[in-house]
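So this first bit is one chain, no partners, the form predicted alone, shown in structure tokens.
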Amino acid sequence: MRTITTDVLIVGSGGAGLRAAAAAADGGAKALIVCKGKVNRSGSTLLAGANVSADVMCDGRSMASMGIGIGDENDSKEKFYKDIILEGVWLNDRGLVKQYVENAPTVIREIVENNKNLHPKGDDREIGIPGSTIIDTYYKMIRERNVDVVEDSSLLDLLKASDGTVAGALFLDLIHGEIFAVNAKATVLATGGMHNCYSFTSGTTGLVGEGQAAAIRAGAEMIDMEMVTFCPGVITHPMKWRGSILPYIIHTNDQFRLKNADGEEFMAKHLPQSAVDLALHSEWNKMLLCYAMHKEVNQEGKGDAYGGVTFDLEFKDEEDEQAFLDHYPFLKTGTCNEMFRYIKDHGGIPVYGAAHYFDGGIFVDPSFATSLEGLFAAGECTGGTFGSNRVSAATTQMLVQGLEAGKSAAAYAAGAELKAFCPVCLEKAEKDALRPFEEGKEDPRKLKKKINEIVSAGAGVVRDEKGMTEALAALEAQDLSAYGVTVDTRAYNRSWMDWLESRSMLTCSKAILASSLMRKESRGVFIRSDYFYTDNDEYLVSTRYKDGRVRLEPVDQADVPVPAGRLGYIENIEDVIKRLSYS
């Protein structure tokens, strides 16, 4: 077997992976990125903000100091820190939030200073930057630092040394079908979310939780795996635009309407007016709109032919429409203009809530070390930063965490030796990867579909004990050995890839459901119909998943006071909003 050696291995080439690689190189380490596609044109970062306007955030005072025409001198890092914890409904890891707030100005300044023609628009704390601009900025950075890259290769498993230290990883060269290993002093996972555990998602098809699943199999601890953010304005039809979040991007305005199959607006039926206002005009819209959509479609039975509702735009006159287009100039050309014309010509476009962002993931400390020695992680594959509700920007998260994880990995590598793989571990990982050539012959796409159906039904926008229990049992009953390759060749074998992806999806899905069953309350994006209240006495805890078991860990409350007792889910959200510095 071919083995590559390096100081720091980075798995993934989105914003977190690129920033980690650059930071590792700056720390004196030899860095290597291994990624599933092309290093500067794969992953989910390119789709951030539909590559129109991805939010990048820091405190208003730091934003003002950059001289880009926005910001608020009266804002501060302290206010931003407190607001993120309130927005996470007190579940956030305080150390991760401090790291986020402290380093956010650094990465924003990097992007602005490296793109002199960039004229971002935004508000006091955020600016909008296309995902491609973010990728191009950090791709240039790794090229300047001569970071090594291996493309078109998928993560199979983490590999340990005989003492249990993570010593690198095993990969599949997707084009040639070759299995190879990377032996590293430190490894950084930057593999993104677990979107494709669900049947309807705004993420790319490659987001199957490979990093999380490999970490779970290696014995790493996970945190808050039950916390999944759904995005409400995601197109379900036509199929060519399915998964696009464009309606969501343009929905915070007076022209926006959501209608059921009877053409009726419905949000006021399911939310008090104060919550409706939040859903229309704030980033709290994701969970509130998804909740209202779920109630209308699944309880009222008034969904459209595509299982969702209709997103429409209504204008008073041509002047009103032109003002709208001037506010969203990207709607005037290209595919965005096609979607806008479709909405106008068809009386709206079908949308529903899609799996959008994973607030839970691999447990890390503020240096982004995991519970396994030698292993670090950054970006959406981690958990803890945003608690139970991601309102602040995920783009900022991936960059600040990539920066710190790369620095930490380089520092660790500087004092570590390159350890040989445990022969038993290496043999097992390779044997497991080749299982679909030796076992069942059922098409693994069938398993992927089953997982999608089970998870979407049991761990969707609104959950309950019965549904989650049945879903977890159904996942446990799935027999991976019944599935295998449909062709025997190893070179670009799509069915082999499907089997490997279904293995990751199954592992992550079990963790999502097992963690969900342990939280007997509704908090942030996690909503239970049978416990429709937030319980700060019993469930101000993080769930920790390891080796198939879940435990509850109390959350530090020292610096942001938490009200005691239970409060109705909607009432609690309204109470939290009142406490924000910008409310």
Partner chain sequence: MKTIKVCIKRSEGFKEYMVETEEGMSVMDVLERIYDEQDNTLAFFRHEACHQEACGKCLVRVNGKVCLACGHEAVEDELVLEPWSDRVVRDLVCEQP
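Positions refer to the first chain, counted from 1. The shown structure was predicted, so the numbers you read here are calculated from the model rather than taken from an experiment.
Beyond what is shown, the protein has a form predicted together with its partner chain; the following relates to that form.
Peer 1: Taking any heavy atom pair closer than or equal to 4.5 Å as contact, tell me whether A261 reaches its partner chain in the predicted bound form.
Peer 2: No, A261 stays farther than 4.5 Å from its partner chain in the predicted bound form.
Peer 1: Give a yes or no for R41: in the predicted bound form, does one of its heavy atoms lie within 4.5 Å of a heavy atom belonging to its partner chain?
Peer 2: Close contact exists here: in the predicted bound form, R41 approaches its partner chain to within 4.5 Å, heavy atoms only.
Peer 1: If you check in the predicted bound form, is N117 within 4.5 Å of its partner chain, heavy atoms only?
Peer 2: Outside the cut-off, so no.
Peer 1: Are any of the heavy atoms in K332 no more than 4.5 Å from a heavy atom of its partner chain in the predicted bound form?
Peer 2: Close contact is absent here: in the predicted bound form, K332 is far from its partner chain, nothing within 4.5 Å, heavy atoms only.
Peer 1: Which of T205, Q299, Q322, T106 has a heavy atom within 4.5 Å of its partner chain in the predicted bound form?
Peer 2: Among T205, Q299, Q322, T106, a heavy atom within 4.5 Å of its partner chain in the predicted bound form occurs only for T205.
Peer 1: Which residue among S495, S76, T133, N183 has a heavy atom within 4.5 angstroms of its partner chain in the predicted bound form?
Peer 2: Of the candidates S495, S76, T133, N183, S495 is the one lying within 4.5 Å of its partner chain in the predicted bound form.
Peer 1: Please identify, from 388-396, 169-177, 405-413, 312-320, the stretch that has a heavy atom within 4.5 Å of its partner chain in the predicted bound form.
Peer 2: Heavy atoms within 4.5 Å of its partner chain in the predicted bound form occur in 169-177.
Peer 1: What are the residues of 395-422, in order along the chain, with a heavy atom within 4.5 Å of its partner chain in the predicted bound form?
Peer 2: Going through 395-422 in order - heavy atoms within 4.5 Å of its partner chain in the predicted bound form - there are no hits.
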